[in-house]
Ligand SMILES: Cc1cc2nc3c(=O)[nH]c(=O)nc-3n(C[C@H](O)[C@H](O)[C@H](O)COP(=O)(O)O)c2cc1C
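This document starts with one chain, in the form predicted alone, laid out as structure tokens.
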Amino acid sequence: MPDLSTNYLGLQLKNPIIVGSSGLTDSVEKIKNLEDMGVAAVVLKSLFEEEIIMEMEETIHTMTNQNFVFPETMDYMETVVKDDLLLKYLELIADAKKAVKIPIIASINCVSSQKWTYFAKEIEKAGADALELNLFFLPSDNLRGEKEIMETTFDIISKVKGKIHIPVALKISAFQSNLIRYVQHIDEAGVEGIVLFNRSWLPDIDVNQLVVSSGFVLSSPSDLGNTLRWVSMVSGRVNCDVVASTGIHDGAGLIKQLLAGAHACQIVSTLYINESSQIRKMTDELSKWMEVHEFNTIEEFRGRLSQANSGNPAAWERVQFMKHFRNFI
């Protein structure tokens, strides 16, 4: 039987499938079910930076409304988590670590390096194997230029890595100018992993009610192409691990991302559509494909079709465009 194991963030995974941050990973019971179905690791449902700051400020506000508060108490409240939401998150990490053998990756959705970064240390203490930072710079935010986004990214990385020793991965948006250079700068800042990409909220318009509504929440297999393009361009050009996310719905999508250079793949939407049994189907497809092509390990073919092997990714993509579209335009 082929060996499906892979390494991500220094963690040995039994296969390349990770369940991404979602409602599928917000309880120990759900995580245990995912492990039983064969998943190699999970990313816990994200805490938002705003939630961490809000809970901390509410607690401090309660303390300062008392008749007398020692200054030492204020210092303590700014560094020690005492709030229900945050405590529950830490308890989820600790309880999940006791209940399963697969790696538990915590997740924080953030847009700045404000007071929330202290919480990274609490996550490490609770036993998380790694921390994924979901950087959510909205493409519609015209108040932040490329320089400010880069500075904020470096500031977040510096402050978080200065507090913890567990590996850190950044999950980023595809809507970033000069994406290759952005990823290379992140790599140079010392993160252990890059996840391509987070999924933005998509709008729709209700033509009957004349209001803006939500578009498709779940990804589809047609979303695979954009992730595949950038995984292929990035892998082999950075020292950190690269993980593919968005549009991976079956074994074929998984195999394509590995050929492009991904160390692992995050899936969510396909599990909502097909249920958790899809994990086993995908690993079976990968195993059978490896047998047919006589690959014993993933490392034997990972990155074989990465654009890094072409030397000039822009020229490579131009040639592909010409080859496939010349007769249609």
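All residue numbers are counted from 1 along the displayed sequence. Just so we're clear, the structure is a prediction, and the values are computed from it rather than from any experiment.
Although it is not shown, the form predicted together with this ligand is what the next lines describe.
Asker: By the heavy atom within 4.5 Å rule, which residue out of 218, 202, 99, 85 makes contact with this ligand in the predicted complex?
Answerer: That would be 218.
Asker: Please identify the residue among 117, 134, 153, 235 with any heavy atom within 4.5 Å of this ligand in the predicted complex.
Answerer: Only one listed residue qualifies here, and that residue is 134.
Asker: Spot the stretch among 40-48, 27-35, 256-264, 282-290 with residues whose non-hydrogen atoms come within 4.5 Å of this ligand in the predicted complex.
Answerer: Correct option: 40-48.
Asker: Does any heavy atom of residue 197 come within 4.5 Å of a heavy atom of this ligand in the predicted complex?
Answerer: Heavy-atom contact with this ligand at 4.5 Å: present for residue 197.
Asker: Can any non-hydrogen atom of residue 272 be found within 4.5 angstroms of this ligand in the predicted complex?
Answerer: Judged by the heavy-atom cut-off of 4.5 Å, residue 272 is in contact with this ligand in the predicted complex.
Asker: Indicate whether this ligand has at least one heavy atom within 4.5 Å of a heavy atom of residue 16 in the predicted complex.
Answerer: No, no contact at 4.5 Å.
Asker: If you check in the predicted complex, is residue 298 within 4.5 Å of this ligand, heavy atoms only?
Answerer: Residue 298 lies outside the contact set for this ligand.
Asker: If the criterion is a non-hydrogen atom within 4.5 angstroms, does every one of 21, 171 and 247 touch this ligand in the predicted complex?
Answerer: Yes, because 21, 171 and 247 each have a heavy atom that approaches this ligand to within 4.5 Å in the predicted complex.
Asker: Pick out the residues of 102-120 whose heavy atoms come within 4.5 Å of this ligand in the predicted complex.
Answerer: Only 107 sits within 4.5 Å of the partner.
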